[in-house]
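Okay, here we've got a single chain as structure tokens, the form predicted alone, with questions on binding and movement later.
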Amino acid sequence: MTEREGREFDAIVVGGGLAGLAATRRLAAHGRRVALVEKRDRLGGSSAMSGGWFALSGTTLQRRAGVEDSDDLFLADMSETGGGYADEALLEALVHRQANAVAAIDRAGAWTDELKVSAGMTVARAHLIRIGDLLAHLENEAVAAGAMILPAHAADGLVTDGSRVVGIRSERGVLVANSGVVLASGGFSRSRELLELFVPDQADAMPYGGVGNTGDGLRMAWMLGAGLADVGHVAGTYGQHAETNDEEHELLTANYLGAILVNLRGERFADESESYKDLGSAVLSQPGRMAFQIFDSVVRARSKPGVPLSDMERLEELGHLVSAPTIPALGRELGIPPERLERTVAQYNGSVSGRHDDPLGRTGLVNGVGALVPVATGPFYAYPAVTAMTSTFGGLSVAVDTSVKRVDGSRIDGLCAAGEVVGGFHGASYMTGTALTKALVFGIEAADAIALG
């Protein structure tokens, strides 16, 4: 048997997370014979482990909430958050094609009423979507349209005919893709080797994200000369308890509700309103590579049970939230010098009251937005958290139609990529919700590129 003599399909999708399922469903809807191969025994990847936040502009939910947003503001916020490193053409395509994401969420009936401002946003643009419902609906639609789902089927190479990609190799043999392959295999958050290669200063972050996210797709395309984008900017996310397991999304951003961050010495060290990616990098340089979110009963009352990033009730149930009647008592509970923590809180409260400027430059709750509150009303709380490599937002270089580009800018025929395996969208940092939005939007776009190209 030659490499071209394997089982034949029109298209093959590698990876069963949001991008892969979106591409598979769309290809099947186009009437293409498509197979989705997933290395794990179940679908979902990092998407299933995420909080389910999508960044979208001009939505019905925003209008109902009186939020004034626009595509131009969405684009400007992403560009600003990325520090000017993101590919503007990709950002523009994301904004202009977000209607496809909205339509998919509509079909799945996966909307909630949760809307908030989060990292990288100047207005409330983070929409909480029932991610499990969305993933299940995409899978059901794909299968109903004739797609073949192959779990526990790891791709280990791309098959080429000349310079064109025509299939994949795996330990089970060759699968031929006459029209092309979509790489949606996730990032490399579980690959210590690749983290040390690209971002050695981040390699000590807690491994998280999809268990299968070891950079397989990136390596396969790299072997064909694919270019890379943003890999040097990859950073972990601050806010996860060190005992978090893969079955529960345990991430708190009480700092965006009014908490401060202190290290083991009881000192603040960063502007708490910055992106949790920037905070993640800052925490990695602190003693013990961890920090406490310190807040009072006013912020505790802002908890939203069942809402990722804001659910303090669940953290309390897990025994991961520490409380005490006074700040010195809280310091003793945490092993922090009580007098130093009390002095740090007093200095912060002085800046909130306007007696002096904040030496770390904090002026708002998140990204400069929202009125600060003092840490003043007992009881007081602390959440110990570390930096977790929840996702890697750098990866393959792609064109706006998702075609994978070589290092010289030329395209690899027959190869598209979408989701976390792709770079270029985020630049130096990350807006909450843009990873899931780009996965859904560009999974659909990759399918169109193959089916209609």
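Residue indices: 1-based, along the sequence shown. In this text the structure is predicted, and so the values were computed from the model without any measurement.
A second form of this protein, the form predicted together with a small molecule, is not displayed here; the remarks below concern that form.
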Practice problem: Spell it out for me: taking the small molecule in the model of the complex, does every residue among Phe9, Gly414 and Phe442 have a heavy atom no farther than 4.5 Å from it? | Solution: no
Quiz item: What is the one choice in Asp216, Glu274, Asp77, Asp230 with a heavy atom within 4.5 Å of the small molecule in the model of the complex?
Solution: Asp216
Quiz item: Pick from Ala29, Leu61, Met49, Ala399: which residue has any heavy atom within 4.5 angstroms of the small molecule in the model of the complex?
Solution: Met49
Quiz item: Going by heavy atoms within 4.5 Å, which of 245-253, 282-290, 343-351, 371-379 lines up against the small molecule in the model of the complex?
Solution: 245-253
Exercise. Look up in the model of the complex whether Thr387 has a non-hydrogen atom within 4.5 angstroms of the small molecule, and give yes or no.
Key: no
Quiz item: So, in the model of the complex, is Gly45 in contact with the small molecule at a 4.5 angstroms heavy atom limit?
Solution: yes
Exercise. Using the partner position in the model of the complex, report whether Tyr208 sits within 4.5 Å of the small molecule, counting heavy atoms only.
Key: yes
Quiz prompt | in the model of the complex, His153 touching the small molecule (heavy atom, 4.5 Å) | solution = yes
